[in-house]
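Shown here is one chain on its own, the form predicted alone, set out as structure tokens.
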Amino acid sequence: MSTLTLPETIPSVPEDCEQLRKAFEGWGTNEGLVISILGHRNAAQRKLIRQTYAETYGEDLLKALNKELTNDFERVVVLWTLDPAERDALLANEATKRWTSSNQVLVEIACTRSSHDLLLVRQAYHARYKKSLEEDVAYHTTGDFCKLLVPLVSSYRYEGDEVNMTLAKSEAKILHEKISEKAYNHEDIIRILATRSKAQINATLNHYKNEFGNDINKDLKTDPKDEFLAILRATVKCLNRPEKYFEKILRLAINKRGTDEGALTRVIATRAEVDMKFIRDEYHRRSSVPLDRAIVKDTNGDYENMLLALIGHGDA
């Protein structure tokens, strides 16, 4: 469930554009006004604001935001203002260009978006970068990571609820055999994780646990320092329990010495309109601290206020 809050009466799009223009005028930017508008409009409304702003003032709203805002506040507002598919294309491009074997952003995008949304990301990537996401992932990643990530970002999974229990049992057995043999990069593991529907994978993983006694991710933790195993575990979690995956990203981003603003911004900007309520509840359950309180403790100023607005904090 979304945590985005919209005003009871939403101003007209031209009115929102006029107010944003006013926020940018004069000596200093009125950041509070920017948050009160963009932080409380849904994706369709933000898209219309961007179109109308460009038509009215002859300037892309994103360029205006880049010019007027700074640092983490600029990053979260710009990411949020982008169309979701454009945003994911940008994040995927950054992840491929700065790829390291510990970077899980590509898995995140490939496995937590719907098939249709991932297709839109690939189309947005074409339009923005004049090449395909698949070719960039193939070029910038290596070895087993490439073997897993290319099919994941290329996937178009079936989205229905139908499950083949015979298949779930046989594929649970295959997964257990390959993991027992430490053949973590085996084509069958990659084929199952990259092509099966989320409902089918869920049935397979439930059967795995019932039949073999362990959660699959426990069996994939034999070497905590192995980064390919970490990517496999992230793949399973993103497909199966995305709210738990994102909760952990937030917990690590906020609880370590020095906040990881990049991860904090990415998760809140990409999940506020999707499942942030579940992520927020899971965070509270795991940390015994509400997410908004953790954000207030670790961030400040306009950046803090924008994050609080997106997670549905009452005063933002």
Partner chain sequence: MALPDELEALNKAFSGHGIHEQTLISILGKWHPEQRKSFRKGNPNLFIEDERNFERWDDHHVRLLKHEFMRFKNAVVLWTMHPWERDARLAKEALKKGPQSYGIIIEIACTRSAEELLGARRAYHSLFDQSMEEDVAQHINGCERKLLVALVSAYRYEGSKLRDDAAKSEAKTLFDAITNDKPIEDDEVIRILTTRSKPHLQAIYKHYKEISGMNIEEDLDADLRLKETVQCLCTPQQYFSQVLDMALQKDVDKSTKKALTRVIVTRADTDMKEIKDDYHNQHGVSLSKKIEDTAHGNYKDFLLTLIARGG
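Residue numbers count along the first chain shown, from 1. It should be emphasised that the depicted structure is a prediction, and the values quoted were computed from it without experimental measurement.
There is also a form predicted in complex with the partner chain; it is not shown, and the following applies to it.
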Next item on the list: Please pick, from 87, 233, 207, 196, the one residue with any non-hydrogen atom lying within 4.5 angstroms of the partner chain in the predicted complex.
Entry: 196
Note to self: Can you work out which of 182, 126, 98, 218 has a heavy atom no more than 4.5 Å from the partner chain in the predicted complex?
What the structure shows: 126
Next item on the list: Verify the flagged residues 135, 138 and 167 against the partner chain in the predicted complex: is each one within 4.5 Å by a non-hydrogen atom?
Entry: yes
Check: Is there a heavy atom of residue 211 no more than 4.5 Å from a heavy atom of the partner chain in the predicted complex?
Finding: no
Item checked: Partner contact for residue 225 in the predicted complex: the partner chain, 4.5 angstroms, heavy atom -> no
Note to self: So in the predicted complex, is the partner chain close enough to residue 177 to count as touching (4.5 Å, heavy atoms)?
What the structure shows: no
Check: Would residue 241 count as a contact of the partner chain in the predicted complex, using a 4.5 angstroms cut-off between non-hydrogen atoms?
Finding: no
Check: Using a 4.5 Å heavy atom cut-off, which stretch among 88-96, 154-162, 69-77, 241-249 contacts the partner chain in the predicted complex?
Finding: 154-162
Notebook entry, point to check: Going by heavy atoms, what in 178-194 lies within 4.5 angstroms of the partner chain in the predicted complex?
Noted result: 187, 188, 191
